[in-house]
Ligand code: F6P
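One chain follows as structure tokens, the form predicted on its own.
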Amino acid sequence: MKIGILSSGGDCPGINATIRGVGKTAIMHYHMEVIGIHNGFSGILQKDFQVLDEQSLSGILNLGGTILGTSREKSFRKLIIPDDTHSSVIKQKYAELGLDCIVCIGGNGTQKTSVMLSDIGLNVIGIPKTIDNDVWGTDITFGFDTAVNIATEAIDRLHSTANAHKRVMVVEVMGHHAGWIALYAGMAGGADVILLPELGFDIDKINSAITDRAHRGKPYSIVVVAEGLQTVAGEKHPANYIARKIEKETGIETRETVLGYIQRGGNPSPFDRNLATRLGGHASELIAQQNFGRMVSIKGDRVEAAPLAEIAGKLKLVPPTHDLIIQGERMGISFGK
């Protein structure tokens, strides 16, 4: 068999470990041919690829980014219409590459595109990738653990500055729709207020929590905000709005820090390297079994696979009954509600 591997969407720690997991398992155990498709789905149309062998897959386990490059797939997705001329071209390029399957590494948008490719008759396997941890059908995505570690370290460092200056520090972390990074990094970093898109917020309750801490002899506070938090002002960075409102209404000096892309750069954590290796290896197993149209996933400690059609278009959000939220509230942490 001959398979292609591509990465699509935003970069994320662990993509190279996944490419290695798929490729080495396919080559060493199943004796498949493997090519790496450059720059996401557009590489299929351009037939832009490189042959992957054992040597080219060595030394990439710990590397951030992706050796194949990546791109957003929205324009490509518009071409995938059954019985359309464009979809015929896509199928023709797939055939010209001599592929038996394409492994698509990416987040929600990538899995949606993968379903569309499957619908026009291509053999596809999806592997979930995002630091946001919001892909439906899997307990965790690789990249999330690394991002939480980076965000937690940043919060740890801000404690000393906040304490020294008796300030409120508002830290914005990634998470467009889901607050998984904010929740996990906020709890691990000892934040006093954690704001998630799923829960919304009441600024008066946030200010009350901060002033209550001050009255109890705790003159500084750490507020962690997910970037997808919706504000009345509709600002791009909700940390700016939250910081202004806190300082204005409590009188406590407040500063904001937006961590941004630093959270998804750099080397993957050991956990993410192992997770990526497991998912990649299982993807090759599914291909060998000719069990296509599925996304590999983690359920508990088991690697499984779910139909791509059941995954696409769904988001995995933080439930309000999550253990960390309940435990945080019992410890006096405010979730702004």
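Quantities reported herein were computed from a predicted structural model and do not represent experimental measurements. The first residue of the shown sequence is 1; numbering continues from there.
Here the subject shifts to the form predicted together with the ligand, a form of this protein not shown in this document.
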Open item on the list: With the partner left out here, check for me: in the predicted bound form, does some heavy atom of Arg72 sit within 4.5 Å of the ligand?
Closed with: yes
Task: Heavy atom of Met174 within 4.5 Å of the ligand in the predicted bound form - done: yes
Open item on the list: Contact with the ligand in the predicted bound form for Arg264, defined as at least one heavy atom pair within 4.5 Å: yes or no?
Closed with: yes
Task: Asp145: touches the ligand in the predicted bound form, heavy atom cutoff 4.5 angstroms - done: no
- [ ] Among 211 to 219, 150 to 158, 118 to 126, 131 to 139, mark the stretch whose residues have heavy atoms within 4.5 Å of the ligand in the predicted bound form.
- [x] 131 to 139
